[in-house]
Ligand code: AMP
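Just the one chain here, the form predicted on its own, laid out as structure tokens.
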């Protein structure tokens, strides 16, 4: 079938479409129907079915004779080690860890926080929870103590699974003191912490609470898979809200199994047995969906990579991993490719490797600028597919269904809506916009399976955050447009559409222009306060390694580019060269934080910031042009 036929089928009969898709999952008890309308715009999928996430990701592959296939490849240039786990070995390790949790009283519905680096045990921890019906909540390894305490109090875990440390290039990050501090800050106290001792920095264990990872598993009975209802939470993943406490996105078990399985072939072009690599972190939604669950549910081999795109040891590390492990589909963030491009703009490192195994590169996490896509296409000689989704949805809202039908790529667009997503562009009054007109990107309810049905213990907040602005629609928080061919364009977060003297302008469009400058490796455009125009755009520019021209020449050229390509209406006059941009650990640029610094406003330190020291650098740079006062 063509993409259009499949998409129309999902719109015309969503229940029939997803019931058929659910046949790819193993059920203890099949659901009586697909969609359950709970009223007041709340929906659940496959709610009365019984299944188990770990069984679908691990045990069923062993049962069908594929236990000797590699399930997890661990590649750590930081430690210089590599290892492989087969599905049969993974089953044994997960059953034993799950048995250790059961022995400490963890049962179906209990919450377990996971605070781990990029090691196979992180996936084993997630799967062990799924095996017994516990609800895991993964945080970025080495999360700040006070932020971790907030999550401990919100989900009230019975247990915490953590490592003694994580490893960054040139330094060791001690996890255990942060964990101890978080437990001290929190009102809720977990009953047990099971600690994976890494040889680079073993931790002191607290008597009566902490157990060694391996010792805790000795003599326990391996746990069997516990069937859970289709609407049972598989996990809680906290995403930072712009104000107040973080939002706990709930992922329902059955829907995410069904939807993720569908994506592996139809979007990522993988057959069972292929090696799939998402260069992300388990603490981010991409790590949940495409390092852990989707590849394993589909019977693929997944790569767990403990390293960086550059510096471990060089800008060729991605290409080495692809060649060495025969990666068929590769998924990373645009910011990672920009980092490689900045260090190796001519792509000399890539020439050292045979990448004939690679089918495609997939980019998501933030807008993929055309310059980055074109550079990667030329370098790799394979299609580069931008696709767009959110923590809340768990998988692609809009993408190129290359495994179903490869559609023509329009650089700047993540292509088209995926089955189940009725994407519509609305104006502020909720009216549908004509093709080519900028507006709020929304999704008509109900959302498809696997997307969030609510927030953890916060249904009112869920409604207020996502459902209240446009009744009957999910508000994505992004702004964009759809062209005459149905291709979606993500222009900015809704709050990144700036108002310059009454003109609504997309900062994303300006970033595309700036990224096209040959000396600019990476950039961000934000709207800063202006007494005359309300807001004006400010461009922050990171230059390609080796560029030593005067910064004033480069910024002047960038200002001219925006004026020539977007027009004087943009009022783009401010551009500033900086060494680096403030980002989350998942690679997203912290644009709203930059705005607050520029405007002299108070702000809360983002919980997932990669390096807090960079904010002082940005403040100092902004002060040179008269901003960041107060």
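Positions refer to the first chain, counted from 1. Since the structure is predicted, the reported quantities are computational estimates derived from the model, not experimental observations.
As for the form predicted together with the named molecule, it is not shown, yet the points below apply to it.
Using a 4.5 Å heavy atom cutoff, 285, 364 and 490 all lie near the named molecule in the predicted bound form. At the 4.5 Å threshold, heavy atoms of residue 389 reach the named molecule in the predicted bound form. Proximity of residue 231 to the named molecule in the predicted bound form: non-hydrogen atoms within 4.5 Å are absent; the residue sits far from the partner. Within 4.5 Å of any heavy atom of the named molecule in the predicted bound form lies no heavy atom of residue 75. None of the heavy atoms of residue 512 is located within 4.5 Å of the named molecule in the predicted bound form. With the named molecule omitted here, the record of contacts in the predicted bound form names 379 to 387 of 379 to 387, 344 to 352, 424 to 432, 128 to 136, defined by a heavy atom within 4.5 Å. Checked against the named molecule in the predicted bound form, the candidates 468, 499, 356, 545 yield a single residue with a heavy atom inside 4.5 Å, and that residue is 499. Between the named molecule and the residues 124, 371, 522, 478, the one pair within 4.5 Å by heavy atoms in the predicted bound form involves 478. Scanning 173 to 187 for heavy atoms within 4.5 Å of the named molecule in the predicted bound form gives no residues at all.
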